[in-house]
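Before any questions on binding or motion, here is one chain by itself as structure tokens, the form predicted on its own.
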């Protein structure tokens, strides 16, 4: 522990890196979450060429809808330029003859608009038009008895904080492999390990003494990241950080995840022959596991093939265990299979390292 604490820059980096990732990526992803998942207002240009009572009523309904943001067309700007400059998502034209049902409402969409927004906009305009033509005050109320949505809040898709805080805490925990493996190799090269093994102390006890400090740092890493997410980031971005009903289940998960990350560090130390190899192996492995494991890209947004490949990454199982707690109020039995997989991963790492490494 004393040797580790002397390297203050490395220890500081282990804590500052995930804080920076959580801070900046949560801010960056806030807009993505708002646009793609929680619903950004649809920007429309409304052209009422009819000016009839029904056309005026339809224009008012569209303009007053909470999902619509009306955009004024700048003088002399045609449709192509309007879309090219990103000023509007769609143009709605209520033509002359609409009142007499001679001509339908016309919709023009930005060619690059998200397909989901296009479908949502079309459905909204159709429903509002039906209300006007059929003389219905609120079509949604009429069909409520036929079709209704049943859901629980915050049960399926993570907020930016629920995604990023555990994700990048896990990511940073796996980076403990760098100082851990480099430290082992330096002590082996300097002869420190050889001198330690001359003492009347069990070899496994010496190795355990070198592993425990890194394990403790990993646990404190995660605790600090959670504190940053709950007490700092939740006041900076507009999304909350719901920890779920069984938040104390994070304790066994963190204990097992810290064991898995420490095992990964020992494995890297066993295979690397130089400090440069150790740094490269540890960083490359952590980044690849993050890419596959739903850390850098939310797992729910991945295509089916990537979702299946994600299961080869221990980061996937660790991250999903936390999301189970946050989103699904998971019981311990529900997260137990994930803990078993992470424990097996840690055991395999320690076993291979123990068989391969030459401490003396």
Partner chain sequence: MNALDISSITFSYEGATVRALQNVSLTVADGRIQALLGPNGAGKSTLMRIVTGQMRDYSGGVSVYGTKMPDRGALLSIGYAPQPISLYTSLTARENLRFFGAMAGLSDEQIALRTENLLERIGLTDHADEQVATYSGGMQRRLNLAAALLHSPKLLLLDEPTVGVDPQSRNRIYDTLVELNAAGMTILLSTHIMEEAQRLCSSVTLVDKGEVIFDGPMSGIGDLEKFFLEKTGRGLRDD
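Small disclaimer: the values here were computed from a predicted structure and weren't measured. Residue numbers count along the first chain shown, from 1.
There is another form of this protein, the form predicted in complex with its partner chain, and it is not shown here; the text below is about that form.
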{"item": "Option touching its partner chain, based on a heavy atom within 4.5 Å in the model of the complex, out of 101, 123, 284, 202", "value": "202"}
{"item": "Option touching its partner chain, based on a heavy atom within 4.5 Å in the model of the complex, out of 247, 96, 81, 186", "value": "186"}
{"item": "Non-hydrogen atom contact residue 192 with its partner chain in the model of the complex at 4.5 angstroms", "value": "yes"}
{"item": "Partner contact for residue 196 in the model of the complex: its partner chain, 4.5 angstroms, heavy atom", "value": "yes"}
{"item": "Residue contact check: residue 73 to its partner chain in the model of the complex, 4.5 Å heavy atom", "value": "no"}
{"item": "Residue contact check: residue 87 to its partner chain in the model of the complex, 4.5 Å heavy atom", "value": "no"}
{"item": "Proximity to its partner chain in the model of the complex (heavy atom, within 4.5 Å), stretch among 249-257, 163-171, 203-211, 88-96", "value": "203-211"}
{"item": "Stretch 1-15 - residues with a heavy atom within 4.5 Å of its partner chain in the model of the complex", "value": "2, 3, 6"}
